[in-house]
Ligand SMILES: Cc1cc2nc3c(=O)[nH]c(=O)nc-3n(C[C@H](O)[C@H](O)[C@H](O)COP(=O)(O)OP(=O)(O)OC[C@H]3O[C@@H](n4cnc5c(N)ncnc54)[C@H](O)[C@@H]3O)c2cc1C
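Before any questions on how it binds or moves, here is one chain, the form predicted alone, in structure tokens.
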């Protein structure tokens, strides 16, 4: 990354003043019109990168910025996956986050991460995850119980089998960061529209010519569909079928208290938590909504909890578990419980790229959108505007997951 920046600066110096009229003329030419459908954190990053590069951007969102998966995200910026190639993509995005954080004041909390287990089985999982970075400059630090307590005195780990510390991880407020990206996009001329549900597309031969909403047709030269769980509905309008895994998750958010840690934690029994910069504690005790009879419908399709009492019971249960390992959480009121639906391709990997049958339409659908937002914003903008295909994205192209829609 540093070498690339240095080369860009050097090339600018070598151009010298004789090229100034050429550069001025290039800037004067209007950029392509690009519609970005979806104002979550990934869509906002793509819109920002496009607008900063000179595109005339219109963002459409059915509800509003960060209203879907982004708002309900745990918002952990991390490299963790057992897939080495995918991990490299995540590492590139983390590097990009540092640059954007310095430029835009995103407020990323770079506090690191501790993963620990209480049983022999959990210890095996902890060590396997740690090994994924063992041969890189990001290698983690193994912890014994005493080392854990020295590094993180605010946490009482209880029964202890294994742990490691990763200094590179961070976490953030996803709504705030999405807003910052959109603010920058607007400063570069982007038009952000909401509520603006897309109801169709205007097409010419094998190309898109416009985005249709209740307000009419907005003419475009290119479209990027990055609409979270709404993506399959939009692709169906273009004759493509995309199936996403149904993956509901819950997070308890406490009332604020004094900040005692900046880290993200993975603990025994599925416990995952962090403390936000404002002092609120956010966490869960399960990757999925518990498999109980009262959750049958939620586990089948997107819907809210049937009762407030059920929502409150989940939140209080999670905060109770957190209080056992984090004394600062004891007695804290539940501020809210969020129920979110992850954007999860069925193979767990991102979907990024142009639709095979429509060259001027891109689709982006991915879990870990918070982690990947910076790099996907950069790479997708580069593809749309300059047709530069980064080899890093080769395994994630849409063709592997798309099928023709029924009747097409």
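Positions refer to the first chain, counted from 1. All values reported here derive from a predicted model rather than from experimental measurement.
Beyond what is shown, the protein has a form predicted in complex with this ligand; the following relates to that form.
Checked against this ligand in the predicted complex, the candidates 379, 37, 363, 50 yield a single residue with a heavy atom inside 4.5 Å, and that residue is 37. Taking 227, 326, 114, 319 one by one, only a single residue has any non-hydrogen atom within 4.5 Å of this ligand in the predicted complex, and it is 227. The closest heavy atom approach of residue 148 to this ligand in the predicted complex falls outside 4.5 Å. When contacts are judged by a 4.5 Å heavy atom cut-off, residue 254 does not count as touching this ligand in the predicted complex. Residue contact check for residue 72: one or more of its heavy atoms lie within 4.5 Å of this ligand in the predicted complex. This ligand in the predicted complex comes within 4.5 Å of a heavy atom belonging to residue 369. Comment: 37-45 is the region of 50-58, 346-354, 379-387, 37-45 lying near this ligand in the predicted complex, near meaning a non-hydrogen atom within 4.5 Å. Taking the partner from elsewhere, no residue among 232, 397 and 402 has a non-hydrogen atom within 4.5 angstroms of this ligand in the predicted complex. Residues of 333-364 lying near this ligand in the predicted complex, listed in sequence order, are 340, 341, 342, 343, the criterion being any heavy atom within 4.5 Å.
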